[in-house]
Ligand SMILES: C[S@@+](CC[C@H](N)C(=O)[O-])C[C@H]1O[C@@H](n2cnc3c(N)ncnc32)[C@H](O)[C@@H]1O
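Given next, in structure tokens, is a single chain: the form predicted alone.
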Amino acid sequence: MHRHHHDHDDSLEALRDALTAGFWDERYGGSDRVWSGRPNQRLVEQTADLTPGTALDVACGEGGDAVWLAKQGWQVTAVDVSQVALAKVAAHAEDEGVGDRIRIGFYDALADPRPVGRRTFDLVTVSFLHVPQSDFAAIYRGIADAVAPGGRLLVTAHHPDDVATGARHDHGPGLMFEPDRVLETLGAGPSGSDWEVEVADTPVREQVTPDGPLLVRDTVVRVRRAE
């Protein structure tokens, strides 16, 4: 029994290590570009009907989403745990002519789950931020706290079905999640809630891989804070 508990602690520590600046600085420093530079498909779909305002891109990586939002007219704050990634965001923004529309900032989800001031942004978007289940509520409530009254939180994630189908490796228990986990964490529901559920879906898309196209499923949640 004691050994099982020790193994669990080691596994949790390894999952948390994958959220640290050192881990991501090394990854982003290892190549000119880790990601494609294109915006997340779900972000494009879910912001098509929104009027541009202020946006916060949490765990922004190299800034594909942040730069795309800025080009659509949003005033964007992009935050990440990796200073290497943030330097790439700034360079990408300048190359695309939107350097004046993007601010960058450091965000360590484990040290402080609130990335910025409370109830500030018209849109807060977080894409594929997979954290240990024991840290999930604190981190996602902290992120949601940045949404202004009348603003929206957009969460996109890998769905756990992808592990069952073999589309993705299982990197740890509970890392991938369904829409219900987000809704339950926020207390979003039909009555007596600060949040109106606009989208809670699990759409499938085709992902290009070196071995050919692969069908993957996403978790997509869009909620609006009451005014």
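The first residue of the shown sequence is 1; numbering continues from there. Every value quoted in this text rests on a predicted model; they were computed, and no experiment measured them.
The next section is about a form of this same protein that is not shown, the form predicted together with the ligand.
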Legend entry - One stretch from 147-155, 95-103, 76-84, 116-124 that, in the model of the complex, holds residues within 4.5 Å of the ligand by heavy atom: 76-84
Inset, instruction - Classify residue 179 as contacting or not contacting the ligand in the model of the complex by the rule of any non-hydrogen atom within 4.5 angstroms, answering yes or no. - result: no
Legend entry - Partner proximity in the model of the complex: residue 18 to the ligand, non-hydrogen atom cutoff 4.5 Å: yes
Inset, instruction - Indicate whether residue 107 is a 4.5 Å heavy atom neighbour of the ligand in the model of the complex. - result: yes
Inset, instruction - May I ask you to check whether residue 46 falls inside a 4.5 Å heavy atom distance of the ligand in the model of the complex? - result: no
Inset, instruction - Could you run down 119-149 and flag each residue that has a heavy atom within 4.5 Å of the ligand in the model of the complex? - result: 127, 128, 129, 130
